[in-house]
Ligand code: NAD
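Just one chain is shown here, as structure tokens, and it is the form predicted alone.
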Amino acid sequence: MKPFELLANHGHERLAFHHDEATGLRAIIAIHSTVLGNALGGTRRWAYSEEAEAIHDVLRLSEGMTYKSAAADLPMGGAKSVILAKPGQAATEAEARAMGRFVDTFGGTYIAAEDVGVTPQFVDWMAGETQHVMGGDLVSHGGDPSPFTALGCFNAMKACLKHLGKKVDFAGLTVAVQGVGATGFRVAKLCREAGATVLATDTNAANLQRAVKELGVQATDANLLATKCDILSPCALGGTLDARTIANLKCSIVCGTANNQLAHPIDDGARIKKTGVLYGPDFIVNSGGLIRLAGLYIGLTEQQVDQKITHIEQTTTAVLKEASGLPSTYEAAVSYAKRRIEQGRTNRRTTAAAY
């Protein structure tokens, strides 16, 4: 591995490793871009099979956060952090505080938040050591962002239906939700409330049982990526859409909350478009949680935050329209975000020149 080549490949600014001897914490923070402002991104706690997998994850996730912030028209950059946990190892307050101290070394350039494997309680423990964290309930603020992520995804589903010339009416539609944890449960709830039949899978039996009992979803052992439905909503981990799974899709729309759903974004983005399936680009679709936390961080009102989450439907519509002349909706979304980043870079240069 050549570290500087690794950073240069996708324009990353910084990659930092940390080991806390007292707690055994092993963590990585990647800052992709601070062109538009300080970089906000969640802390993911996961039992990676090897260190290289963790590095790959933090780099791709941080890049996605840059595009997510830019596309949502937020004055924030993109970053991410990962904690390399041992299989079956429970999170502790000591570990969270050690992570908070690591985050604090960035002096606010990086603002941490909740992600997979991290709870609002964990965030509050981190907040005992740094002010630069969002998503807790008591010490930090912002709370669980998953309801806002789910709502943004639901709004994006409406845009996808419109783009295909379909009536925006979920009654009679079948939505397949892969993963009914924090965000997936709420996506399923919104779809059920709108009249859709919801099929669901989850590796966590308790999550699935809860969704069946409380929402009336239909649990299935089938591979949802090859199940006939109107909308496939990946709401678990990313990288599920590749050459093999895309070839077996039996849906009209893919629109979910998972990050980095395309295993190989350029190739798989073009591949899914050729099948005729409409792909809602994940960092546009799932930006509601970021909008919530970033909005509170920069001082937006609740009403302004809600308006931005509602606007995800319009942003999705604009990106899907642009994609007609491009190889994929993913490339259209990246282009959309990069235009805003370049405008921010230009504005920064103009401001600097004035002084």
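Everything numeric here is computed off the predicted structure, so don't read it as measured data. A residue's number is simply how far along the shown sequence it sits, counting from 1.
Omitted from view is the form predicted together with nicotinamide-adenine-dinucleotide (NAD), to which the following refers.
- Although the partner is absent from this view, residue 266 stays clear of nicotinamide-adenine-dinucleotide (NAD) in the predicted bound form, with no non-hydrogen atom inside 4.5 angstroms.
- Contact between residue 81 and nicotinamide-adenine-dinucleotide (NAD) in the predicted bound form is not found at the 4.5 Å heavy atom cutoff.
- Within this chain, residue 136 is remote from the site of nicotinamide-adenine-dinucleotide (NAD) in the predicted bound form, having no heavy atom within 4.5 Å.
- Interface membership of residue 235, defined by any non-hydrogen atom within 4.5 Å of nicotinamide-adenine-dinucleotide (NAD) in the predicted bound form, is confirmed.
- This chain lacks the partner; the member of 196, 127, 161, 182 within 4.5 angstroms of nicotinamide-adenine-dinucleotide (NAD) in the predicted bound form by a non-hydrogen atom is 182.
- Interface residue among 329, 69, 316, 286, judged by heavy atoms within 4.5 Å of nicotinamide-adenine-dinucleotide (NAD) in the predicted bound form: 286.
- Heavy atoms within 4.5 Å of nicotinamide-adenine-dinucleotide (NAD) in the predicted bound form belong, among the stretches 242 to 250, 144 to 152, 215 to 223, 89 to 97, to residues of 144 to 152.
- Contact check at 4.5 Å (heavy atoms) against nicotinamide-adenine-dinucleotide (NAD) in the predicted bound form: all three of 116, 203 and 257 pass.
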